[in-house]
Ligand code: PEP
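Next comes just one chain, in structure tokens: the form predicted on its own.
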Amino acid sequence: MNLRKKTLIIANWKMHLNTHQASLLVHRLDERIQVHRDIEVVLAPSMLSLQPLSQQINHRKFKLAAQNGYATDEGAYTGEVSFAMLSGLVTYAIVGHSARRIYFNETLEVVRDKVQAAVRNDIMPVICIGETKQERDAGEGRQVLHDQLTTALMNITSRELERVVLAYEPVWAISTFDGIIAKPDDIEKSIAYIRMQLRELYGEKAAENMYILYGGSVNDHDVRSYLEVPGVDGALVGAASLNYHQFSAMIDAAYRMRTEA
């Protein structure tokens, strides 16, 4: 944990909760989570819930993120929501999540264009990268990370990099895909490799300043062990973020870590 940075915790609600249920969850979280200067809590509800929740949340306590966006700012793309439309409504947007890559066939180039569109519209992309079990077993994990990282950042300048977040989310550790629990040692090696790639692309200072989160079946019982991994600046939380007891406990754990440090 780098004490010079805030700890960034993002709740990805995926395709769960209608607008009423999302509002109720925010109410429960608001009761349990305090404003911590050094912790940024981000909620990524469904696209339908973004607008009403923007009116409900305490903006000192929570920020909003979109789960997706379309790379073209406007046009005859029926059913799509562009990053230009999301501008001013969200602070962050999740880009390249494994579910998008697997279920919706998002290629490296599609992710690249979405990253550029988010930055162009003053939204911070949270770029998800991670290898599958098959790729890991075949010894291709680092090549996958290299390709996903370098392509996603292809059109991003050193100055723009300050407005970009990475999330290492190994597909083999995600519960949706019958994931196995990732050991902190495994995570540390991958985070170190990602930082090395960033140093080669942008230099030492930019690489150290960039936020890298860990995601992959994170819950209130193991979040601390992942936040203690060198180079990890926060967490991207899936299923556990739908449980207000678990998610608020994760924020408390991050706060205790910083206080003890």
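Treat the numbers as computed from the prediction; the structure is a model and nothing was measured. The first residue of the shown sequence is 1; numbering continues from there.
One more form of this protein, predicted together with this ligand, exists but is not displayed; see below.
**Q** Just to be sure I understand the contacts: of Ile123, Leu153, Ile191, Ala173, which is the one whose heavy atoms reach within 4.5 angstroms of this ligand in the predicted complex?
**A** Residue within 4.5 Å of the partner: Ala173.
**Q** Quick check on this chain: which one of Leu213, Val41, Val218, Ala66 has a heavy atom within 4.5 Å of this ligand in the predicted complex?
**A** Among Leu213, Val41, Val218, Ala66, a heavy atom within 4.5 Å of this ligand in the predicted complex occurs only for Val218.
**Q** Would Val223 count as a contact of this ligand in the predicted complex, using a 4.5 angstroms cut-off between non-hydrogen atoms?
**A** Although this ligand is absent here, Val223 would stay clear of it in the predicted complex, with no heavy atoms inside 4.5 Å.
**Q** With the partner left out here, check for me: in the predicted complex, does some heavy atom of Ile9 sit within 4.5 Å of this ligand?
**A** Output for Ile9 is no: heavy atoms all beyond 4.5 Å of this ligand.
**Q** Applying a 4.5 Å heavy atom distance criterion, does Leu17 contact this ligand in the predicted complex?
**A** No, Leu17 sits far enough from this ligand in the predicted complex that none of its heavy atoms falls within 4.5 Å.
**Q** Find out whether any non-hydrogen atom of Ala239 is located within 4.5 angstroms of this ligand in the predicted complex, and reply yes or no.
**A** Output for Ala239 is yes: heavy atoms within 4.5 Å of this ligand.
**Q** Given a 4.5 Å cut-off on heavy atoms, tell me which of 200-208, 48-56, 31-39, 230-238 is the interface stretch with this ligand in the predicted complex.
**A** Only one stretch passes the 4.5 Å heavy-atom test: 230-238.
**Q** At 4.5 Å, heavy atom to heavy atom, what parts of 97-134 sit next to this ligand in the predicted complex? List them in sequence order, or say none.
**A** Sequence-ordered list has one entry, His97.
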